[in-house]
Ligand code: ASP
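Next comes just one chain, in structure tokens: the form predicted on its own.
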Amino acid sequence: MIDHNAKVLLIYTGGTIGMVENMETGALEPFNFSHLRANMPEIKRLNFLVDTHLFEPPIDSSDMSPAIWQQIGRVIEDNYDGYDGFVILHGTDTMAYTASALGLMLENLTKPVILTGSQLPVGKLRTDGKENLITALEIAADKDAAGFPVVPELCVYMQNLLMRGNRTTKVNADNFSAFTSPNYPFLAEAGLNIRYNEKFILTPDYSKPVRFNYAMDTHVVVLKLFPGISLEAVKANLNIPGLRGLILETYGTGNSPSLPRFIHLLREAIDRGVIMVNVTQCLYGSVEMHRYENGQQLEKIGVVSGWDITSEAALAKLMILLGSGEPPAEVNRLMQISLRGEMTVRG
């Protein structure tokens, strides 16, 4: 049920959705959000207040960084008490990384924070941007019968689907259906009506405040295994100065080469304190290192399971946990449990 007294803050960071075509040159230019209502008259029909916050200059999502994630978080924190929900306009290329990071940075979130964008600019006739934006705003303002937000968590809304942010990944560069949530059900589907899947939506503790965790350690790397990967390449990644964490993208249910020298290199890094997290290269499914001997070798030397977490969420989670100041043993433990619904732990 839309709350007609709701106030939603629309945060424009950049991206294709905020571009319009210059009719003289044909070039795409940043949208002037002071003229938002004039360019998108549909917003006038929402019957609730929409304010805007513009990042100046707009940020190409390819230039997204942990420092900008922190800036976005602070905009939300500074305005948290004054709004019922937040919509973040963001480029699609790194949206899953930002959604994963913010979804883990914001603890006990009690209001909707919805990321959305588009594959075509708002100024294009066939744009997907208008529907994505209007529906995201409606979801951000939606309340249940008791007056609580229907979706009090950080989400991505794209092409009729609402997904938990730290479960998303971009799977298509050309189609409007650019994102999916491979290992977790959709939180809502928008058709003639918005159909919420309530049992899959997080329930916060409304008696406690939201916490904004900004500390992040970026001394991490992702190492994707492939047949024929050289020991020199593995060694180069493991010997990056100051390295504290590594996301190891393995085969299938968490398997890797069994070459003794390869395993020895990993063990050396773990012994000197590098946190190593096993994430499958497969879009669907989970790491289960005990299933095969090659996976068991990783488990024995101290590689921890990322279960069905996405690489984007694993990277963000590792940065945040390393930045928290927790000892390595605690970081290892926390990487293997669900903190904000980012993974499904298997027994």
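All residue numbers are counted from 1 along the displayed sequence. Values in this document were obtained by computation on a predicted structure and should not be read as measured data.
This protein has a second form, the form predicted together with aspartic acid (ASP), left out of what is shown; the following refers to that one.
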{"query": "Any non-hydrogen atom of residue 61 within 4.5 angstroms of aspartic acid (ASP) in the predicted complex", "finding": "yes"}
{"query": "Residue 19 within 4.5 Å of aspartic acid (ASP) in the predicted complex, heavy atoms", "finding": "yes"}
{"query": "Contact test in the predicted complex: residue 249 vs aspartic acid (ASP), heavy atoms, 4.5 Å", "finding": "no"}
{"query": "Any non-hydrogen atom of residue 149 within 4.5 angstroms of aspartic acid (ASP) in the predicted complex", "finding": "no"}
{"query": "Check all three, 15, 93 and 118, heavy atom within 4.5 Å of aspartic acid (ASP) in the predicted complex", "finding": "yes"}
{"query": "Which of 261-269, 84-92, 234-242, 193-201 lines the interface with aspartic acid (ASP) in the predicted complex (heavy atom within 4.5 Å)", "finding": "84-92"}
{"query": "Heavy atom contacts to aspartic acid (ASP) in the predicted complex at 4.5 Å, residues of 276-290 in sequence order", "finding": "none"}
